[in-house]
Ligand code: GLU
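Take a look at this one chain, the form predicted alone, written out in structure tokens.
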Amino acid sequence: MVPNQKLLGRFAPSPTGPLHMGSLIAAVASYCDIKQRGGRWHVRIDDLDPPRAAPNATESILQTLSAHGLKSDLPIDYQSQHAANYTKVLNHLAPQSFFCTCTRKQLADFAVYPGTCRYNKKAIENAATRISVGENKITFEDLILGKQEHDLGTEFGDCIIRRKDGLIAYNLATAADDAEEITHVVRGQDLYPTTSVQIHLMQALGLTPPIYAHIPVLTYADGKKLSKQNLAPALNDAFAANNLRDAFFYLGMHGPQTESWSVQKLLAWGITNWNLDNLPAKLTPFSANS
């Protein structure tokens, strides 16, 4: 690999609990992919939603990443420290934005937002801020899924960029941060539906979207995604090497199983043998005894 400091990948967990095997798979995939390209890897904590944050979750996440040899090449970043930039991008989007007072109950019968408040251009207390997507069509090339096309108006509707409680919406924060320096985003297919909206926001801000690759998501045998909400077991840092071997196994990379290999040696093997084209279309269901 030829070093290229301009290439930057990222792993951006939310501090809602400890990392589990599904999290590790996403982290390992993003790490190996950007490292094989000669780029750098960045850890960003997406801590914009204090009500959902778990006590000590950030410290736990960073400790687990370190135990597994996954160390950020840049200082750890926190979305909660980006308030000034989010205010700037909100102001930039003001001509395309409006204030929405609709409740979830009022919108329950609509597949996409019907445009009810589209003409509310003056600030309203306790209202969400939405951006009008118009008839914009988004096309992008996913390194795993291929060419993707979406009609934002019919598939997504005018999206929220600032919530009623005043918090910046996930899509706007991610769009602003990913387009700032990130060149490659490798993440789970569960986040694929957000991509077109995020690209739209980047384009509206005059920013360049990164290159995307959405990997299959780890599930239980019943098809439910491995997640904190579904009580996914936390990784045990004492077995970091075994955890990495399992992560590679789920990613379809059947490498050396020798117990003597260190975390660093396993990661080096993973970088050398990484190939997005060889990822399975569906991951083997999660087993606590894998």
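All residue numbers are counted from 1 along the displayed sequence. Not measured: the values here are computed from a predicted model.
One more form of this protein exists, namely the form predicted in complex with glutamic acid; it is left out here, but the text below deals with it.
With the partner removed from view, the residue among 150, 82, 184, 187 that has a non-hydrogen atom within 4.5 Å of glutamic acid in the predicted bound form turns out to be 187. 13 is the sole member of 22, 9, 270, 13 with a non-hydrogen atom lying within 4.5 angstroms of glutamic acid in the predicted bound form. With respect to glutamic acid in the predicted bound form, the three residues 30, 142 and 215 uniformly fall beyond 4.5 angstroms at the level of their nearest heavy atom. Not displayed here, glutamic acid is kept clear of residue 196 by more than 4.5 Å at the level of heavy atoms in the predicted bound form.
Using a 4.5 angstroms threshold between heavy atoms, residue 191 counts as touching glutamic acid in the predicted bound form.
In the predicted bound form, no heavy atom of residue 156 sits within 4.5 Å of glutamic acid. Contact between residue 129 and glutamic acid in the predicted bound form is not found at the 4.5 Å heavy atom cutoff. The partner is not drawn, yet in the predicted bound form one stretch among 166-174, 88-96, 202-210, 102-110 has residues with heavy atoms inside 4.5 Å of glutamic acid: 166-174. Within 4.5 angstroms of glutamic acid in the predicted bound form, the stretch 34-61 places a non-hydrogen atom from 46 alone.
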